[in-house]
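Next up: just one chain, as structure tokens, the form predicted on its own.
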């Protein structure tokens, strides 16, 4: 998944202001809003209003939902706490802005044949379909010819292998591992391998992290939105929305302080992003170990945002879910995912250092850039076709503070550190806590299940050691499917 990302938000009110006119994703309103889903009874073992539970789960995003389902299945009491007023974390779909499903955050379902989410969508009234296998490249006002695409593909393969070779020697920056002779395709390759892939420029990205990432060449989309899919998996779970956790004290058991009271638990699972943990928004008593705080810093979130445009009557002749890059001359570039699920909604993706700087100037600046960028590739007439627009700004969303994790050079081992129990019976979960599927919804789900198994083992729910994590595909190829 690409957390956008993953997802204008501001510190004063954040996402709540943007979504105040949307229906709350409580169980009742979610079912009403997604009538295609089949209602189910609440999961057994759910703790609703009790102040004493077996496991407190902080964060009702993908990892938190996965952990809650696992603990409920084991017949243990839990409470699922969410700081925002909606379910899904960095996976959220709404229809009010454009009248069609709009994923403000994560949109891609990577490795759908292995992804645990696709296996859970059967009989839910949701359609998951394969993403187109090909991608297009724009060179000025025309599309790249077959020979030019072959040249680009060959250079991407060389760049990928060069980073993998460098990773076997040391965990340096991906940028330093690139071959010197990438000709005038270098800026395009750097964008596709860095900002578009993980929200960070290659100068800030660990070669080992890049090399260890699982194969993401195959992907799928959910026609109703990935956020809708994730929220459907929380159906039947009681979630305490708008309940930020301010402190977790493990000196005597686990005491979780929230804006609405205190919960006593035997264990806790924290799914907050690495940027939120590093910010000190949640106070840990005693303090987290320095190695864990350092790990969060080394796994800081990249920047990845959508500039969503409604292009009336498909003036550029896009096919459904067309992915288009440009032969870039500098870092001020983007990609477009066009005609989402056959609609008139197009996402111009801005990311990395440039995307962060652009988002800092506000939504109007982001929309203007997207319009000018498209006009440069297709002609100025395209601007007349833009109707409604919207830009996400996930870096300013207070409960997230970015897109998805990407290890800094030398920092790939931080993912393993975050898998260790913290400050007593606390476990971290989320996309950052996965060595090969970091930055994906599938990775977040698997990490939530892993943390839940560890917590269940801690409280004595398992007589044997917790189940080992599922094996994941480790082949790593990042060149476009052209």
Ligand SMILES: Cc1cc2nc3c(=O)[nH]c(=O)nc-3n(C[C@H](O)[C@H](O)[C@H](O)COP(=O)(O)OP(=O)(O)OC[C@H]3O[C@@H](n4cnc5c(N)ncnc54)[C@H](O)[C@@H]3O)c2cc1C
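Positions refer to the first chain, counted from 1. This structure is a prediction, so every number in the text was calculated from the model and none was measured.
One more form of this protein exists, namely the form predicted in complex with the named molecule; it is left out here, but the text below deals with it.
When you look in the predicted complex, the only residue of 366, 205, 272, 338 with a non-hydrogen atom within 4.5 Å of the named molecule is 272. Contact with the named molecule in the predicted complex, defined as a heavy atom within 4.5 Å, holds for exactly one of 79, 346, 84, 295, namely 84. Although the partner is absent here, residue 137 is not a contact residue: none of its heavy atoms lies within 4.5 angstroms of the named molecule in the predicted complex. At the 4.5 Å threshold, heavy atoms of residue 394 reach the named molecule in the predicted complex. Using a 4.5 Å cutoff between non-hydrogen atoms, residue 106 counts as a contact of the named molecule in the predicted complex. In the predicted complex, the named molecule sits within 4.5 Å of a heavy atom of residue 90. This chain is displayed without the named molecule, yet in the predicted complex the stretch 241 to 249 from 124 to 132, 241 to 249, 352 to 360, 312 to 320 comes within 4.5 Å of it by heavy atoms.
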